[in-house]
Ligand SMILES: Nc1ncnc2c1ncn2[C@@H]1O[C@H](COP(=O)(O)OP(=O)(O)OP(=O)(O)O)[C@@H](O)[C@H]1O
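To begin, one chain is listed below as structure tokens, in the form predicted on its own.
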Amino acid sequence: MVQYAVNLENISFSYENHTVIKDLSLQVEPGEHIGIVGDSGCGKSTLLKILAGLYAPDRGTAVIAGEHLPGEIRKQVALVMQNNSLFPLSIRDNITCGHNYPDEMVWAACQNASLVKWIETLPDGLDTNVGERGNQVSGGQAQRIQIARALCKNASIILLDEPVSALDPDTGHSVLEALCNLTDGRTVIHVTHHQETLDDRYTIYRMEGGKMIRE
């Protein structure tokens, strides 16, 4: 029997009386890359939150990396979001999130996230505070800090929620290069409005009416 990295069986989810996801099923094998496209409000981000263990489906079963409890699922996945989800702490603290990672691991993650050259220009280096809601760093730097965080976590499943949509084309391209280092060899679910950002490694699905249709 195949041990799927992601196994969704007939899941449904509603906000109050509005059904966003209806009887949706999806099986993703380890190492597979899935792209999910669709119009705003079609349920893409809600689905990603279920995959991240932030929401539980109203009906059906969601097994992610062999886990079905949201708290256990959250330990198995890494999420890189569209918005600037940084804490008002140092770059180091935003990458380690309280874990006692050795400096070599942190710097290796920074190297793969294309952060090292920038950090080396800062007087306080890794101990530079990013400010309230990360307002002391650019959007591209914030995304690369999130990528370094995910690299340190070393999760087998990577969830991407529009990671470059708020960035200018040049910055977006450099962040996509860092994402390649993060996603190589891992299972990836990438939600986006911009299908052109998905390369030929991806199997593309379109969300419509709370369900997914393979492109």
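All values reported here derive from a predicted model rather than from experimental measurement. Quick note: we count residues from 1 along the sequence shown, nothing fancier.
Note that the form predicted in complex with the ligand isn't included here; everything after this is about it.
- Shown alone, this chain has one stretch from 39-47, 22-30, 152-160, 61-69 that lies within 4.5 Å of the ligand in the predicted complex by heavy atoms: 39-47.
- Within 4.5 Å of some heavy atom of the ligand in the predicted complex lies at least one heavy atom of H18.
- Contact annotation for H193: at least one heavy atom lies within 4.5 Å of the ligand in the predicted complex.
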